[in-house]
Each structure stands twice: as structure tokens, then as C-alpha cells.
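Below you'll find only one chain, the form predicted on its own, shown as C-alpha cells.
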Amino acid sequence: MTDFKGGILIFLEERNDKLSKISLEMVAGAFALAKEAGCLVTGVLIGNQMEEAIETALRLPINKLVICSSGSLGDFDSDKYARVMEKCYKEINPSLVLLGSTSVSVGIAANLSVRLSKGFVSDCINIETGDEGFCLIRPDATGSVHQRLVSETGESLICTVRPGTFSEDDLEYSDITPEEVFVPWEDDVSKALELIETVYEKKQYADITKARVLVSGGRGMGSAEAFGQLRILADLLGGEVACSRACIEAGWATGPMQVGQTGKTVHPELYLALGISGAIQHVTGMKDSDLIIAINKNPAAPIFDVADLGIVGNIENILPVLIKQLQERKGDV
């Protein structure tokens, strides 16, 4: 039987004194994995002025919370953060290190991997336990094949987890307070780089991973004009617009809207799939939605295999009627 040693170490990403959504998702996933493996979970918070983030973290189902707070850590620096994570790693010796697949955490993960000479697996979409240790599942470069990766030598692995892989809804807040460990920051006077300014880009797109309702279009929409009608439908349903990879390639939509192996993993209450064939690359990203309704003119489309309700017909005939009916119910006509 595999010895999971120091358990799971999680980098809890914090911005503006708030724990990120991906951090909460990873804790939910790690808690379930730890129960199967019989191991401990340790969270690491790095930054400055993190009172609210610490308060939230102390209610999470983790065994230990490591805190490193310093004024020099207020501005994100992947090298500094990786040095703190390295120190935590050597103290705990975990079997698995989890970080989110975000612009912040990917740099830390790569830096930490080099520092420790440990394997780094990026963009995982699932994690399992087994006799060989933790098994990491991720799409290959084409997005058409799932890779299952384990460490042949039983060594620990560092991985980044795609947002939506685990569900924040599965998070169990605990009455047992985790052990707090404060790690002092030891600044290095020799600086190869100096941070001059941090500029945050204003978000231009809604986060489809947080939407309760998603209206998603595929190649079967036929044109950019038809795809644009999905915005009307999404607004009527109080949701957001998503898409398959085919719409990105056709130029009808942008990257942040894509669902699937090379896009985002989503768990909405309602997933309305219009003109989506249901290739495995897309289904992987939305199959755990609470209710899936599919509209496609091909009765043999694979999307119907995962749909709770399927409608066979032409989008150009069904979509205008659906929009009109909803508008009439809302009194918009």
C-alpha cells in the first residue's frame, strides 16, 4: 500500500485579502483525496495584510495552515513565493503539491519544480488515489487524449489544477481549527529583478465557471450572426454565453468562453447546448452540469448521450421560437 507521507500541500492563492475560487476548489478536492489516502492536508498562505484570508482559511477542512506574511510579499513575485513553498515542502515532505492553473500560480509551480528537482504536471483535470500514489489526469497538447501520470519512483509531484476540476460546493467547513504555523520571511538582498509596477487588466469577459446558467453554441450555429443570438437567450435565462472550440476557430467567440479540455471546466445548474456535436473534448468540460439540454439536428450526435433532455431539430427554426416564448413570459414583447 502506498505511503502518502506528508500528505497534500496546497498553495492558497490570495488577492486583495480574499482567497481565490480555485483555492477553495482545491481544498474541497484535497479533502476528499485525503480521506481516501488517509493523509493530512496543509495550506500555505503567502502575502501581506491577509487578515480576512487567514480567517477564511482557518475554517477550511485542513490540518495545518502555514502563514508567511511580510510587506515585501505584498506584490506578487514568483521567485519569493516559490522560496516560501520550498521551505514548507522540505519541512512537510508532501506526496502532492497543488497550485491553481492561474497566471499567478503557474510561475510558482515551475519555479518550485526546478528548485526541488521534482516532476511538474500542468493543467490537471482530475486527481485519483491508487496503489502507485496519486494519479494525475490531464489532456495532451492536442486536447484529444487524456494522459494518466504517476511517479515511477514514488516521488512527490507538483501539479497545477484547472479551475472547475473540483467543486467549491463540496467544500465542508470545519469546526476544528487547523494548526497555525507562522514562517518568517527571510529577504534576499541580492535581487536579479525588481518589481516596478503591477498593472491589473480590466476583465472584459464574464467568468463562465461561476455562471449558474450557460447557453453554449457549437459549429451547428452556422454563422457569427446566429451565434450572436445566444446572448439574447442567455440574458433571458440570467446566464452567460459559452462555446465549443469550433466557434473559437471560426472567429465567432473568444478564448475565455470556451468549454472543454482546452477551455474551461464548468458545473452550472443548467447547460443549454445548441449545435454542439458532443465530442469528448467538449463533454469533458461540462458533463457534470446539473441539467443538460441539447438541441441538434443530428439525432445520432454524441451530445445526446450526456443530455438530460434532447431536442432534434434545426437551430434556425428552434432558437427564434425559444427566444420569443421567453420574451413573452417576461413581458418583453
Ligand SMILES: Cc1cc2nc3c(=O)[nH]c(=O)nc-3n(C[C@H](O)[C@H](O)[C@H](O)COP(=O)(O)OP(=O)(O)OC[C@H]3O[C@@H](n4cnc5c(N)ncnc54)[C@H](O)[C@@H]3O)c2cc1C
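For the two forms, the rigid core is made up of the largest set of C-alpha atoms that agree within 1.5 Å on superposition. Treat the numbers as computed from the prediction; the structure is a model and nothing was measured. Residues carry their position along the shown sequence, with the first being 1.
The same protein also has a form predicted in complex with the named molecule, omitted here; what follows describes it.
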Find the only residue in T262, S122, Q229, N126 having a heavy atom within 4.5 Å of the named molecule in the predicted complex.
T262
Out of L65, A37, A28, A301, which one falls within 4.5 Å of the named molecule in the predicted complex, going by heavy atoms?
A301
Given the stretches 77 to 85, 229 to 237, 244 to 252, 92 to 100, which is the single one in contact with the named molecule in the predicted complex, using a heavy atom cutoff of 4.5 Å?
244 to 252
Tell me, yes or no, whether R59 is in contact with the named molecule in the predicted complex, where a contact means a heavy atom of each within 4.5 Å.
no
Would A279 show up as a contact with the named molecule in the predicted complex if we use heavy atoms at 4.5 Å?
yes
Wondering, does I22 line up within 4.5 Å of the named molecule in the predicted complex on heavy atoms?
no
Would G220 count as a contact of the named molecule in the predicted complex, using a 4.5 angstroms cut-off between non-hydrogen atoms?
yes
Aligned on the rigid core, do the two forms place the Cα of W252 2 Å or more apart, comparing between the shown form and the other one?
yes
Rigid-core frame, C-alpha of R83, shift of 2 angstroms or more between the shown form and the other one
no
Aligning on the core only, does the CA of L19 end up 2 angstroms or more away between the shown form and the other one?
no
